[in-house]
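In the block that follows, a single chain appears as structure tokens, in the form predicted alone.
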């Protein structure tokens, strides 16, 4: 509850301070993901990412991880869909 009040006071998006994942999409060619914990699957047609309370799966063609840091990554390629599993 305290984090919710701080988030509202600072006019931040919901979940921003709670460690929630954040996605920034650039069309269907690139997605920046912040808040990832591990990579579960990595091939040309699917990239699955563990994000704590959920798993995100990027499906498409020619997918690859362009940049990887301890808590974020950039997926690029032709992204046809994104699935979330809780």
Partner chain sequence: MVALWILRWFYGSVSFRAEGKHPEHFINAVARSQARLWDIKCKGTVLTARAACADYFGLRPLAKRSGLRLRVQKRSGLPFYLRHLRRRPGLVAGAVLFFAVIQCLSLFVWDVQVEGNSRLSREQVLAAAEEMGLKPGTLKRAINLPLVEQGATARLPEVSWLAVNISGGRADIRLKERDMAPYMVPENEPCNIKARCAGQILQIEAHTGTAVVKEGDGVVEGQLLISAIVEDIHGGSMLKHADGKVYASVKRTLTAEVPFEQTVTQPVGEPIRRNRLGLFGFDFPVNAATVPAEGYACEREAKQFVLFGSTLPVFWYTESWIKQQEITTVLTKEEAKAKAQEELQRQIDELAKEDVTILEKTERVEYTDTGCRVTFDCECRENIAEESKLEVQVPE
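Positions refer to the first chain, counted from 1. Values in this document were obtained by computation on a predicted structure and should not be read as measured data.
A second form of this protein, the form predicted together with its partner chain, is not displayed here; the remarks below concern that form.
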Heavy atoms within 4.5 Å of its partner chain in the model of the complex: does residue 9 have any? no
Look up in the model of the complex whether residue 65 has a non-hydrogen atom within 4.5 angstroms of its partner chain, and give yes or no. yes
Is there a heavy atom of residue 39 lying 4.5 Å or less from a heavy atom of its partner chain in the model of the complex? yes
